[in-house]
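The chain below stands alone, shown as structure tokens; this is the form predicted alone.
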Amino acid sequence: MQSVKIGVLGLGTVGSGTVNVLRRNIKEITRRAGREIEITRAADRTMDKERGCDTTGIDLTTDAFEIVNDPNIHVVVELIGGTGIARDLVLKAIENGKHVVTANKALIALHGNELFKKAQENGVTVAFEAGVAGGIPIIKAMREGLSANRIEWLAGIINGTGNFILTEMRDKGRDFPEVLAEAQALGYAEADPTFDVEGIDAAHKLTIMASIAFGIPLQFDKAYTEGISQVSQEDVQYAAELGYIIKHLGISKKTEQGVELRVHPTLIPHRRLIANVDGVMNAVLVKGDAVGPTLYYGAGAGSDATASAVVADIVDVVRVLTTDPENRVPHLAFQADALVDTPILPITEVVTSYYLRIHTDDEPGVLADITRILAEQGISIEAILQKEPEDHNGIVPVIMLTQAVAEKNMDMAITHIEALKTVKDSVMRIRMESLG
């Protein structure tokens, strides 16, 4: 049987890893796919740079469109990144009747609805397992392994940079700016770390997972994002005293009112398995009505880990090359005509519990004023820590854990608390989830 010819767009970290993994495990992969898989062409920006893979026997070009227009290429693997030229190349490949494998979460989160529609019209597949959580097969698990379940919620540590920073802050008592600088030096964070530390990267991935979990169109523009740059060392310490660990989570829940889609720092009980996922590792917790909570853990980035998911997608595509397009696994788990336009809830309508850190004057009646304001908004207090004055300056940190309440009520309460003359700066608010 004729080998399946692959064209790779981009020979950076993931592209080189894909070549290496495919060549290293070619016998095993061929046994699984049923046909030989061969990378015959690859595109890269320049021809004279050192690469992390052996390109012997691969026809190299600087023009990626040569590959997507090559009639001998069966599958295009897009590993360029971004949403500009990558979108154009993927659309052209689909138009030319080629299957596409991509690790580009931004492309899928922002343009996936368009790409999947075009792919369906042209009878091809767009596979994107590597776009979410690196080597963890979370897309396949939710789309196929959990297809008997009504998924109730999911929560994930889906950005290794943020998780590394919070782990260092907790374990070594370091401050955010110092750990961020180290993450950049180690190559975990970019020179501009905004996508990682402000939750944008995680929101891309969460958008994809939520669509598969709940059968809704991709709606990245409605995701709420909040970063970790305001989390202080004292927050990490106080959370630990109360039995919690702070993680930067992507959370999506199906409620009667709609779907929650949010990324933010979150206090979770220290006894939860996901609370103990440290360093640059990723983990996703998915709750199905039949199976209960299931946890998926592994490397969320890196050359070989991400290449593992890319090559697995290639194998899946090869297996269905001769399959009736109408009988393939749907891109977003549900049949295209069965997606529902369930509203995405604004963050103000989300109901959750809260950690509050309030710096106040060390005076009688201050705590009574704060609890009165909370009570007026229907907010019940679960626990209180009142610490000693800081540096004998008369300022007292008051730490509160609340029971669940709508965010809009908490917003109103915080506005009134910050207006008190005895409150010295902005209230620090971190959401809490039990993940039970």
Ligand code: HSE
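From 1 onward, residues are counted along the sequence shown. Computed from a prediction, not measured in an experiment: that's the story for all the values here. If you superpose the two forms and keep the largest set of C-alpha atoms that fall within 1.5 Å, you have the rigid core.
There is another form of this protein, the form predicted together with this ligand, and it is not shown here; the text below is about that form.
Of the candidate stretches 307-315, 346-354, 181-189, 208-216, only 181-189 contains residues with a heavy atom within 4.5 Å of this ligand in the predicted complex.
Under a 4.5 angstroms non-hydrogen atom cutoff, this ligand in the predicted complex has Gly300 among its neighbouring residues. The closest non-hydrogen atom of Gly160 lies within 4.5 Å of this ligand in the predicted complex. In the predicted complex, at least one heavy atom of Asp196 sits within 4.5 Å of this ligand. This ligand in the predicted complex is not approached by Glu168, whose heavy atoms all lie more than 4.5 angstroms from it. Interface residue among His74, Arg143, Lys105, Arg262, judged by heavy atoms within 4.5 Å of this ligand in the predicted complex: Lys105. Once the cores line up, the CA of Asp192 ends up 2 angstroms or more apart between the shown form and the other one.
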